[in-house]
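Quick heads-up: it's one chain on its own, the form predicted on its own, in structure tokens.
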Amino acid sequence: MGNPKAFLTIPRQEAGYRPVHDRINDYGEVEQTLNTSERKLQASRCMDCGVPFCHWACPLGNRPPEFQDALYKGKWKEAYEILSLTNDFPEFTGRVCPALCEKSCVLKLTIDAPVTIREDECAVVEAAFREGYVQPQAIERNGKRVAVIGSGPSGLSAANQLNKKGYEVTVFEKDEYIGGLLRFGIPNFKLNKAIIDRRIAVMEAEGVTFRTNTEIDVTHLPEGFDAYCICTGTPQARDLAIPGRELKGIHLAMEMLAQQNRVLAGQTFGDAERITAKGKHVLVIGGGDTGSDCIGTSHRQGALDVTQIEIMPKPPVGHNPATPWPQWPVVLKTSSSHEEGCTRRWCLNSKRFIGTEDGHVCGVEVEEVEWTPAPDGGRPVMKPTGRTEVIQADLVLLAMGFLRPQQPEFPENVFVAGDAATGASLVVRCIASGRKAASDIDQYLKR
């Protein structure tokens, strides 16, 4: 390493977010960037550990010490080449990954100040595009064809890897734009959609064929392909079947998020179908990342106020002795959207939706619950307390996760990747799954 003791003198510095009063007025990316000198200093904090746990923690097997060293030395092209060996789309993970690598960084485990791996990764790939290091490559074809069904992160990574191996790849997408979850599930203030378009243009120039508005029945796959990769994600969101669910103003989170992204892409919707938080009291049910995205979107649409409720207990702040490393640290996460204003509450179970005379939701009755450890050490047991209240709400957004899809029995030349195989997961895991599926398809077709 160029400076093996930098971690002793250089503190962790995050780029941070744009000011709240500025960012809630638009859908531009909220995260800022450091200048080149500051970014190189942050990269210098990587210690080149004898046992780099960041390698192990990353589903893609990224190699942070290697690209951090190149970045610190100003070798941006080399840093990108190292990064792209393991990650097809660092511009995506550099923006939306929860950075499992940082949770296992030795500096995290010792002084709670990990290297800014995710931000450094994003800086490297942005420099690569800016300086022209990312160029379409001429690829020799092997005469075989593969169909990829779905263009989310797993589908795109499978297509990218198969294309580079010489296969003629066609990606089928049921929606009007390429990107799947990246396009419709993640708000623009976290991932500008021009970032997706930029990568798609490179893949098209390298020979990948994309067909939008083409819904494929996976039990009747298109003919003419030697193998297939099913990357259809988790389309079924978990619903909340309690009294009053039929009231107007209650929506699955993805209905709102996807529509807002379409509006930003130039599409228009009539008043009857438009889902908007403007001038409304918003209640988000579900405490995960999707719920957080609903909060940020509601603010930008002009909500009067936003409340988020979660059935599970409030996690501890900073450190959780119940989830020591190498487990994922279950601690309180405060996102950029939470910082913009939100009442957050825990241990609340939704009992029924309350409506007005004209059939529109106006509130939700909730009950406090308590959680006790299970005798067998499994999932904690929920105990109702009988203490109920009504939370006012003109718009209710259900963000309680997704149901794992049930796949049919496929022929041996059909492979499944990403959320379609595992249920809802992380973008980085989906990219890794797509890469693995591409490798399996390659081995199968070479038999």
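Quick note: we count residues from 1 along the sequence shown, nothing fancier. Bear in mind that the values here come from a model prediction, so they are computed numbers and not experimental data.
FYI, the form predicted in complex with a small molecule isn't displayed, but the following is about it.
Participant: Name the residue from Asp197, Glu215, Glu204, Asp112 that puts a heavy atom within 4.5 Å of the small molecule in the predicted complex.
Facilitator: By the 4.5 Å criterion, the partner-contacting residue is Glu215.
Participant: Report the residue, out of Tyr167, Trp76, Phe189, Phe172, that has at least one non-hydrogen atom within 4.5 angstroms of the small molecule in the predicted complex.
Facilitator: When the small molecule is considered in the predicted complex, the option within 4.5 Å is Phe172.
Participant: Pick from 237-245, 253-261, 306-314, 373-381: which stretch has a heavy atom within 4.5 Å of the small molecule in the predicted complex?
Facilitator: Going by heavy atoms within 4.5 Å, the stretch is 253-261.
Participant: At the 4.5 Å heavy atom threshold, is Asp88 in contact with the small molecule in the predicted complex?
Facilitator: No - in the predicted complex, heavy atoms of Asp88 and the small molecule never come within 4.5 Å of each other.
Participant: Would you classify Gly180 as touching the small molecule in the predicted complex, given a 4.5 Å non-hydrogen atom cut-off?
Facilitator: Residue-level check for Gly180: yes, a contact with the small molecule.
Participant: Taking 4.5 angstroms as the cut-off for heavy atoms, does Pro136 touch the small molecule in the predicted complex?
Facilitator: Judged by the heavy-atom cut-off of 4.5 Å, Pro136 is well away from the small molecule in the predicted complex.
Participant: With a cut-off of 4.5 Å between heavy atoms, is Ser298 one of the residues that contacts the small molecule in the predicted complex?
Facilitator: No - in the predicted complex, heavy atoms of Ser298 and the small molecule never come within 4.5 Å of each other.
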